[in-house]
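Okay, here we've got a single chain as structure tokens, the form predicted alone, with questions on binding and movement later.
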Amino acid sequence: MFRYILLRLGYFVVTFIVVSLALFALSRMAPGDPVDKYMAEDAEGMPYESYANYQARKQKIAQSLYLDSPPFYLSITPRVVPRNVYSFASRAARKWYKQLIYITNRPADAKGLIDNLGRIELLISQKPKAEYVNLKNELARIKNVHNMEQIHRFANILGIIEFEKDKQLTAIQTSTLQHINNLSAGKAQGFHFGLLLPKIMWHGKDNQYHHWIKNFVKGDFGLSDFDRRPVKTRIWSALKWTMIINIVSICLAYLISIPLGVHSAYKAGSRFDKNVSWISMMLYALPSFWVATMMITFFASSEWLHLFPSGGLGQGSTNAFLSRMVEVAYHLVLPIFCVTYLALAFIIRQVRGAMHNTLEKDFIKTAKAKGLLDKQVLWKHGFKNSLFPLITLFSNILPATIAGSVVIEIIFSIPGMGRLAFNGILQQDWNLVFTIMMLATLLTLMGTLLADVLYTKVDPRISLTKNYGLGE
């Protein structure tokens, strides 16, 4: 038993690492660049600064987000790509740098061109709006472009501009044109075999994934890309409401559905069984958004009963714990009902099916022949041997305690996890979204592990030691 649990723990760790790698890769491919976003937000009202200070500030933001290091422990790149690719804090600039290297095999000139364009853009942004307006537009067009024809077109426009008294811009203009000529010469040499020669670079612990997973395990989920608040603060403020709704709903669903399912199976074919089956199927078929809307219409509208509030969690005007608890409970009646009825209908069907199969077994007939009471036959022998579907259901329901219900939380204005994740997607707050996905993954794996352990507790005959080669 102990070795079996250790084996399952091993699978838990391996699966968690694999899934975390997949989610990490997706998070790196998410649209937008947090570094550029933070720079744009901080630029409002910023005084003039040099290009060096500008780059230092950008690199500092990237460093705080661990985006100034390679994505993984090792990387395989063409030999022509140097190690200094992460000197560019921006994701788009790194991609641009690599593309220029691939077509020209001139890393130094590619870096010089990107740096010079950044300097020109920064310097002319400090000028009056009407000055160099054409150059500003051309810079916007050429940014992240690796087509040499477009770059030549830009060089022709840049070459005819006279910066007059601005010696700094004149020097950058000369340097930029020289870099473009060198890149053109590199492309004219044709295909270079360095692109076919791979280079394996080992980065050690100083990589994005290592910092990302280490901080996640420590409970440090970083900052929100939307408002720069700690992600764990935003999650915790939403998690408590989702957990309250889902835990109460799950408890109610199990407490109601288990007796109904057991007795429905015991009285299979009776009027009671048919009524329970019909009601459960009807409830399961009703969409939650429609039920929630009907609840608000008939029980929260002044035109009908107006027994409950239509949404929210109350004003929170009282500091008394008991009064606040009563106020919150009053507001959560309708949301809890809408979450409960769907789980209730599904669990009844599962319990009824499992119990019906169990009651057909020979050991149940033997128990009845011994003269045991119906209560003993049902609960001691029948229900105990029908727990497997319930355990499986519980392991699947566990992630829902933090995932929440997007529809219910939005309709009833509950600031829970479902609504938080939905808003995070709309706001492109990918750090928040992928943290919620990681937490849901962790709970899913924990639920599966817990189910495996409970299976062996419910039925000691279950032993997977032979199948896994752990011995007799």
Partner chain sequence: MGSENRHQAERTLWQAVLHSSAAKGSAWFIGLLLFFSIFGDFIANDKPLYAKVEGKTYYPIFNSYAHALGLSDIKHPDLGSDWHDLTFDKSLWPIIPFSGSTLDLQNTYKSPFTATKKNNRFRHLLGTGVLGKDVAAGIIEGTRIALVVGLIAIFFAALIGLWVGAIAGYFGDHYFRLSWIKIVGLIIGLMMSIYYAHLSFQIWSVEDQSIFMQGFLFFSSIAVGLLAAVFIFGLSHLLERIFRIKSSIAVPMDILLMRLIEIVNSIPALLILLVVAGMFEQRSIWIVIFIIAFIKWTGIAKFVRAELLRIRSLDFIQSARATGLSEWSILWRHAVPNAMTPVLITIAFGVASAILLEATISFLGIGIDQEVMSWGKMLAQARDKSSAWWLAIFPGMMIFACVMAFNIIGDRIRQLSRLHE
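As the structure is a prediction and not an experimental result, all values here were calculated from the model. The term rigid core refers to the maximal set of C-alpha atoms that superpose within 1.5 Å between the two forms. Residue numbers count along the first chain shown, from 1.
Here the subject shifts to the form predicted in complex with its partner chain, a form of this protein not shown in this document.
At the 4.5 Å threshold, heavy atoms of Asn134 stay clear of its partner chain in the predicted bound form, well away from it. Taking the partner from the other structure, its partner chain in the predicted bound form has a heavy atom within 4.5 Å of a heavy atom of Val18. Taking the partner from elsewhere, Tyr11 is found to have a heavy atom lying within 4.5 Å of its partner chain in the predicted bound form. By the criterion of a heavy atom within 4.5 Å, Trp278 is counted among the residues contacting its partner chain in the predicted bound form.
Figure note: of the listed segments 154 to 162, 99 to 107, 383 to 391, 176 to 184, the one touching its partner chain in the predicted bound form, with heavy atoms no more than 4.5 Å away, is 99 to 107. Proximity to its partner chain in the predicted bound form, defined as a heavy atom within 4.5 Å, holds among Thr297, Asn215, Gln168, Gln376 only for Thr297. Think of it this way: in the predicted bound form, its partner chain has a heavy atom of just one of Leu195, Met201, Ala329, Leu372 within 4.5 Å, and the residue is Leu195. Along 131 to 153, a non-hydrogen atom within 4.5 Å of its partner chain in the predicted bound form is carried by Asn144, His146, Asn147, in order along the sequence. After superposition on the rigid core, displacement of the C-alpha of His211 between this form and the one not shown stays below 2 Å. The Cα position of Asn147 differs by 2 Å or more between this form and the one not shown after fitting on the rigid core. The Cα shift for Asn275 between this form and the one not shown, taken after rigid core superposition, is 2 angstroms or larger.
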